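Quick heads-up: it's one chain on its own, the form predicted on its own, in structure tokens.
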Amino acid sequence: MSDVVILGIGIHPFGRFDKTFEEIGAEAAAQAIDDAGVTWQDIQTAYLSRMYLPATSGARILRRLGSTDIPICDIEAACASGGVALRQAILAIRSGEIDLALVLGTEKMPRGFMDPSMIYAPWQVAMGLSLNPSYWSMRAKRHMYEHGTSELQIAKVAHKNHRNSVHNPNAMYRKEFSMEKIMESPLVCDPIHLLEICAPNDGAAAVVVASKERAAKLGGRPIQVDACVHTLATYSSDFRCPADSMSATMAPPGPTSATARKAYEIAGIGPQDIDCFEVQDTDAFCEIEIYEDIGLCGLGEGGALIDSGRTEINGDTPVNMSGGLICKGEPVGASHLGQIHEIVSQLRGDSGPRQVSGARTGMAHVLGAGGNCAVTIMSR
């Protein structure tokens, strides 16, 4: 995929806003187009990633930039929606049919836990275990039992991410908390506390994608896309009881491991070659598990990795420099593109106090309902 680059980025801060989704999305799209040094009339196709918005939302948002006759397509794949939309734009460019595309992620989320009826059948919802924190906590408890991971280590992830968020103007929460405050915050679902979990919210992020040849003519500061992979892996933590069916012999690798492995193979590099990471931290334990799944450490060693300080901004494997979803919140359709905005900013050297020194490669990772997982690797 080295023939495709990200030429422009834009973002509307994540949070709660008295704005329509059309306003939020149009702001991010206009920023990305401006950053790429092109005009809306130059864009040849556009994709919108979203989960909760109505049909034809992409057209409704982008019509604010002016009416053109380009194709505009809405895409949904749970938390991986942004990765799928980006992949479709890349495939369109690689086909030779176009050489300049806009990918926009926008969401305006209802308050509270995500509606399980969006994902599960009525009988599954009625039998329980359909709210996210319930199965997140069960995975955390199992990891604690099998590998000795502690509540203190889980809290350290939240402590790191809240500290990073202070310097991110696009995050919903920008306040540092002590370890004591985090561990004493209300218990959501044992062992996950309120300050260790993300909130659904509003937001948008966008990228302009171009062929390398088109980018060379336009100039600017392009960032190379080395891999963009989406999988619906054989095994997922979403396949839990009550389930339609489950095999007793089914075992990992799970979605993140499978997707990361494919992305590394396409990019021709390994985790040791990547300078910074933005990963799914819908809860603080999830980040520990992803350390292991993307190869930053061995199975059961995620707790020790957070203890080591290596995932701090000044560590050798910085993770969630933006503050992660715990601090930014999770407008689902914008989630992955928001991560890509952060990685591109890092690779350009534009991240200010949260800048990873000398960053040349970066990975963005999302994992959502049904085992939908997307991984994007970029470099300069």
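For every residue, the number given is its place in the sequence shown, counted from 1. In this text, all values refer to a predicted model and were calculated from it rather than measured experimentally.
One more form of this protein should be noted, the form predicted in complex with another copy of the chain, which is absent from this view; the next part is about it.
Of the residues Val166, Leu232, Met183, Leu218, just one reaches another copy of the chain in the model of the complex with a heavy atom at 4.5 Å or closer; this is Leu232. Residue Ala77 is the only one of Ala227, Ile294, Ile274, Ala77 with a heavy atom lying within 4.5 Å of another copy of the chain in the model of the complex. Only one of 116 to 124, 281 to 289, 219 to 227, 154 to 162 lies within 4.5 Å of another copy of the chain in the model of the complex by heavy atoms, and it is 116 to 124. Contact check for Ala304: every heavy atom lies farther than 4.5 Å from another copy of the chain in the model of the complex. Contact between Arg348 and another copy of the chain in the model of the complex is not found at the 4.5 Å heavy atom cutoff. By the criterion of a heavy atom within 4.5 Å, Ser67 is counted among the residues contacting another copy of the chain in the model of the complex. At a distance threshold of 4.5 angstroms between non-hydrogen atoms, Lys175 is out of contact with another copy of the chain in the model of the complex.
Residues Ala77, Ala78, Val84, Arg87, Gln88, Leu91, Ala92, Arg94 are the members of 77 to 94 with a non-hydrogen atom no more than 4.5 angstroms from another copy of the chain in the model of the complex.
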